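Next comes just one chain, in structure tokens: the form predicted alone.
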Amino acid sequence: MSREPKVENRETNAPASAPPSLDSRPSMLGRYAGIYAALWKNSVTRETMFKGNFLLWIVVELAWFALQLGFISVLYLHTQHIGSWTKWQVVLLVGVSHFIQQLFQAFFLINCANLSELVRTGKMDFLMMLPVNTRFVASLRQVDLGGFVNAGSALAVMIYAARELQLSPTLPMAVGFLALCFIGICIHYCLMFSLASVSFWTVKAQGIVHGYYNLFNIARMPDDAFPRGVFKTVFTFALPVLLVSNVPARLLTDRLTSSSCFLLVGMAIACAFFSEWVWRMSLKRYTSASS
């Protein structure tokens, strides 16, 4: 369990009774940056205590990623295109999806999955008493460092696929790609955190959270593979997992339309407002472990 680091900055020559000046008080951004740095330090310490588990999960994720790439290779032995997507475009898409998934896993997955345990064991009481935003510390209290290693492997696959496609992304395109990936990560976080907040009503909600995590497999498929209908509508607007990976991949392959980009941004804003509303309703539901 982490705690807020000491952020006071008192003048050594000032009288004990004199309040610190406004200039000596840390800014809100600097204060939360210091808190997050302490959370990172705790996560690094935790990982070094269980090195075997850390390495094992990296191997498992690499094996799973390799199986997905193998599936794509077998699939394209029987066809040349899936909709308008060629083999190496789909490989690039799988790399983008894995990159987004692993970064999301590094920052948010374990925290969303453990939210129900905080409610069930009463540890949420402690978090709510801290002089920081409760959602901030509940969402970011642990970091999965292995996710960054696996994101690196996804980046390597993306670079190789781009080379096979003879793509030469410009700096603005690379910046735009990272921005779209960031938006996609935010969408995944908002949706999974909303589902995790169900634990305030049901206590045990890990199954719901991990069920959504399994929907990442859909994000690895080209959007053209799904005909227009209920399925594609649901996973574009209700649970926009198809947008999260397909839009950044289309940017790299120079096939992105402005409507798809605006749709991704709009869904991110909608998911953010929905997630905050669910969180506030959940906190009103919470009666603490002592009640």
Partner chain sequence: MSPYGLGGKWSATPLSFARDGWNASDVQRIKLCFHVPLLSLIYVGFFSVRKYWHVIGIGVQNNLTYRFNFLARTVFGFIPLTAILLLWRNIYEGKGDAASVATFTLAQMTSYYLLVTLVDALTAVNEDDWQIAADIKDGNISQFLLKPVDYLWFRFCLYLAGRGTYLTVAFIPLVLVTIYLRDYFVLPPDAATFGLFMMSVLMTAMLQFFISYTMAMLAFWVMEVSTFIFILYAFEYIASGHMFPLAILPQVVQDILFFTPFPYQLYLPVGIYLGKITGAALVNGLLAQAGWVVGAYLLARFAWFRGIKKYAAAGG
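Everything numeric here is computed off the predicted structure, so don't read it as measured data. Positions refer to the first chain, counted from 1.
The protein also exists as the form predicted together with its partner chain; that form is not presented, and the subsequent description refers to it.
(message) Which residue, V44, A33, A238, L56, is the contact with its partner chain in the model of the complex, using a 4.5 Å heavy atom cutoff?
(response) Of the listed residues, the single hit is L56.
(request) Only one of M128, L215, A179, I159 comes within 4.5 Å of its partner chain in the model of the complex by heavy atoms, so just point that one out. (result) If I apply the 4.5 Å criterion carefully, the residue I get is L215.
(message) Residue-level question: is D224 within 4.5 Å of its partner chain in the model of the complex, judged on heavy atoms?
(response) The answer is yes: D224 has a heavy atom within 4.5 Å of its partner chain.
(request) Would you check, heavy atoms only and a 4.5 Å threshold, whether W201 touches its partner chain in the model of the complex? (result) Result no; W201 lies far from its partner chain in the model of the complex.
(message) Can you tell me whether F148 touches its partner chain? I mean in the model of the complex, with a 4.5 angstroms heavy atom cut-off.
(response) Looking in the model of the complex, residue contacts with its partner chain do not include F148, since no heavy atom lies within 4.5 Å.
(request) Mark I82 yes when one of its heavy atoms lies within 4.5 Å of a heavy atom of its partner chain in the model of the complex, and no otherwise. (result) Judged by the heavy-atom cut-off of 4.5 Å, I82 is in contact with its partner chain in the model of the complex.
(message) Can you tell me which of 36 to 44, 244 to 252, 262 to 270, 63 to 71 lies within 4.5 Å of its partner chain in the model of the complex, counting heavy atoms only?
(response) That would be stretch 63 to 71.
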